[in-house]
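Read the single chain below, which is given as structure tokens and is the form predicted alone.
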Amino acid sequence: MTKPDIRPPICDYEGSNYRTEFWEGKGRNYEDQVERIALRRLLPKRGHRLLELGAGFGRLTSEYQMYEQVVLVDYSFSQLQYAQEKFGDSNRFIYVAADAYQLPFRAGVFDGATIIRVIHHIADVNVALRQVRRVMVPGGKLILEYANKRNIKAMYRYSRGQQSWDPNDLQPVEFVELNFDFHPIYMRQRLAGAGFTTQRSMPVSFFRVGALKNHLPSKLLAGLDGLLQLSGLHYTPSVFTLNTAVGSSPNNLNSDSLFVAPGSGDELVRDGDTLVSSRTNQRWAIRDGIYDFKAPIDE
């Protein structure tokens, strides 16, 4: 009897043209530039292995040169193929199709993680953050970006009666299916509950307004944004946070064996182009150099 899938719904970009329809040539140079400014401020000087959760087509992967190895994880196999075309196959880059609720990694194999433009698609933030904490070593650094519900536009619209939800209410708001905005206090609480302490929080994208972006150079706006990121004015549509994994947990950072069966944690053995559970004999495919953990082969 097949067990029912009790995982929360997943936002799936499989087969989409997200790279070309949303980013490339679509007037979002400003957003890309300010996110890179924030990342560079928060990233450590060096690291061993980074989990890039929701890596997509690898838009920001080039920023992680300080890490010896980068594991790109996304639910969309096709987005990972774009990233693979850009960065190639090597020991430094590992491509994994999986969901955030059942990460297929053994505990304590990452000392860094990034979640950028992803958490707003996560229906159960608690489960996802606990999964990230599980696979990190104590002291590991997580850079998390989230969509801020307490932004100036939302506050203005609420004051004018143009939206029903209160930006100051702590609970997330799902303004479109699987698109959530979060209050800064709520997100800090969720991080703490998952085993992280927040060291730094930065407002980002002060000038995400079409009229400004259409009439002023993106480099100028990004430069001003970079200065305001240090202001502490958390009323922007995007917030970046730097968090440290705390508490006791395994440290397998030097292990060459990264993968376990998602959900069960069973040991996996390589058999050709598959990984096989030592307990259940379930198999997951390795397709064109991408580890596919979206579902076992026999499902």
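From 1 onward, residues are counted along the sequence shown. This one's a predicted model, so the numbers in the text were calculated from it and none came from an experiment.
Keep in mind the form predicted in complex with a small molecule is missing from the figure; the text below concerns it.
Contact annotation: of the candidates Gln79, Gln229, Gln131, Asn151, the single residue with a non-hydrogen atom within 4.5 angstroms of the small molecule in the model of the complex is Gln79.
Listed residues Tyr158, Tyr101, Phe87, Phe207 were compared with the small molecule in the model of the complex; Tyr101 is the one with a heavy atom within 4.5 Å. Stretch 116-124 is the contacting one of 133-141, 188-196, 209-217, 116-124, since its residues have non-hydrogen atoms within 4.5 Å of the small molecule in the model of the complex. Residue contact check for Pro262: none of its heavy atoms lie within 4.5 Å of the small molecule in the model of the complex. Though the partner is left out of this view, Pro237 does not reach within 4.5 Å of the small molecule in the model of the complex, counting heavy atoms only. At the 4.5 Å threshold, heavy atoms of Ala285 stay clear of the small molecule in the model of the complex, well away from it. By the criterion of a heavy atom within 4.5 Å, Val34 is excluded from the residues contacting the small molecule in the model of the complex.
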